[in-house]
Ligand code: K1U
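Given next, in structure tokens, is a single chain: the form predicted on its own.
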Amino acid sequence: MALLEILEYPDPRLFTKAQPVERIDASVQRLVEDMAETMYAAPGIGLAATQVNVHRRVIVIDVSEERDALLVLINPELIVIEGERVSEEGCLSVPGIYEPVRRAARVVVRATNQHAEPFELAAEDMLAVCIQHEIDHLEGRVFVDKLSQLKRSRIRARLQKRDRVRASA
């Protein structure tokens, strides 16, 4: 397994729409393992392949406190979206930024796992938010896209300043 580089906003590669996985083979299984290792090391609760510059429809999630309940979603599709909630979100691709975001309160997702087994999963609370957040990445969207233009501008300025400080260090 290997740690992968996580792209950071506003890297244009984050806005690339991911392509469906045609066949779950050893390369996809290796990607899942590497993404899981990267997510746990970051540390995060979800990671989409787009965030590691692999533009395929693969997501790993673990919202458990014990960090031992890995959920793999290959070619995920939201089939039910219900209710509404606002919760604070952060993102491994937008480090240090947390903002309230409006999303569905409950979802049902259809996907395939890393063993090529199709399944449906009903989710609410943090898991529902995480699934929607990661599917957005596969569509080439970042959570800051859901914020006002003013907030996006401020976040971009803050991250550019951080990059300048890093570059001069």
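A residue's number is simply how far along the shown sequence it sits, counting from 1. For clarity, every value in this text was computed on a predicted model and none was experimentally measured.
Below: the form predicted in complex with this ligand, not depicted.
**Q** Which single stretch, out of 134-142, 117-125, 104-112, 30-38, brings residue heavy atoms within 4.5 Å of this ligand in the predicted bound form?
**A** The contacting stretch here is 134-142.
**Q** With heavy atoms only and a cut-off of 4.5 Å, decide whether P100 touches this ligand in the predicted bound form.
**A** No, no contact at 4.5 Å.
**Q** Using a 4.5 angstroms cut-off on non-hydrogen atoms, would N75 count as touching this ligand in the predicted bound form?
**A** Contact with this ligand, no.
**Q** Look up in the predicted bound form whether V129 has a non-hydrogen atom within 4.5 angstroms of this ligand, and give yes or no.
**A** Although this ligand is absent here, V129 would touch it in the predicted bound form, with heavy atoms inside 4.5 Å.
**Q** Determine whether any heavy atom of E84 comes within 4.5 Å of a heavy atom of this ligand in the predicted bound form, and answer yes or no.
**A** It does not: once this ligand is placed as it appears in the predicted bound form, E84 has no heavy atom within 4.5 Å of it.
**Q** Is any part of 140-169 within 4.5 angstroms of this ligand in the predicted bound form by a non-hydrogen atom, and which residues would that be?
**A** Residues within 4.5 Å: none in this stretch.
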